[in-house]
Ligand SMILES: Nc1nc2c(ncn2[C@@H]2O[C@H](COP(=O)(O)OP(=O)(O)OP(=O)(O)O)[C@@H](O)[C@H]2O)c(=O)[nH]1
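In the form predicted on its own, a lone chain appears below as structure tokens.
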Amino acid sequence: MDKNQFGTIITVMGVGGGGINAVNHMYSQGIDGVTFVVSDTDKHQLDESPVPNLLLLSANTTHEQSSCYDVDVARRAAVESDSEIAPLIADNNTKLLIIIAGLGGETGTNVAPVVTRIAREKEVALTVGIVTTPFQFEGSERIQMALAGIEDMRKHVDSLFVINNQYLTEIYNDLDQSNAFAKSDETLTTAVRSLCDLITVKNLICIDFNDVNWTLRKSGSAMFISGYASGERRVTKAIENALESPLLKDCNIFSAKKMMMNFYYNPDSESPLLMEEMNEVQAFMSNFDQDTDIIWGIAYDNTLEDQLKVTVLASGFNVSYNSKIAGTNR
């Protein structure tokens, strides 16, 4: 355990093989202001990770069994490691804990809910799960296991982001099995980076942790999308680009109870964000129920050139994950 890495208010923990692969990718890409942790029952999987904070779950339990891929073994391993998990998420100033897992496998599906339960018991300010569900080619058994994992996690997290990997095939229709999981890791990295940027990036009109906490606290289902545009009516185009994401399928964003929008632009470009463009924001917001709570902000991003970027964080959907995921993969 590398204690020197601690001190941030955001901890991202990858659980199980899928979660570790995703967090390895995030770590290599570099996301500022985040402490990364990976955890598994498989020591070999941890040894290959570049992440400095590693937690091997209950070697005693898994070594006594013929296979560490048994469902009960994975869950018992996490429970027995309670005293080791708790300091990672409660004694290092963590205010936002993000648990990353690929559901459908034994370890991620069964350990991630235990981690979220411990976080809730330790009264971490905000606990968010960001999980993926299997591709169609992974088979119905994994899909059913993922559905069970979703229902288990929902009991303990404040907010749950579910990314149906099968929808990625609509964005990248030339995917083959060898690179499908790499695209899934990229999608998870983008979601985590965008969420963390809301807290860590300096804002002109401020959005901070308290705003994110307010949006996601005890909200149930949530979704995060981003869009880019330039030229005339770029605010409207950026919002439309975000709404075209296949990840929003079966989620009616206009039914959200809470929503946060952040606009990013390059202050050194020849196209700074103008106040008159905010009329386009108002036009978009008019699609929501008048009782929907909406927060918005503006931030600088010198990498955008003349583009405008919008991120939308919406929560409080009524989503039936069973029909959504099982129906897609039938």
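Quick note: we count residues from 1 along the sequence shown, nothing fancier. If you're wondering where the values come from, they're calculated on a predicted model, not measured in any experiment.
There is also a form predicted in complex with this ligand; it is not shown, and the following applies to it.
Of the candidate stretches 177 to 185, 217 to 225, 252 to 260, 193 to 201, only 177 to 185 has residues whose heavy atoms lie within 4.5 Å of this ligand in the predicted complex. Proximity of residue 316 to this ligand in the predicted complex: non-hydrogen atoms within 4.5 Å are absent; the residue sits far from the partner. The closest non-hydrogen atom of residue 103 lies within 4.5 Å of this ligand in the predicted complex. Heavy atoms of residue 127 never reach within 4.5 Å of this ligand in the predicted complex, leaving it off the interface. In the predicted complex, this ligand stays beyond 4.5 Å of every heavy atom belonging to residue 75. No member of the trio 11, 150 and 158 reaches this ligand in the predicted complex with any non-hydrogen atom inside 4.5 Å. Of all the residues from 121 to 138, those having a non-hydrogen atom no more than 4.5 Å from this ligand in the predicted complex are 134, 138.
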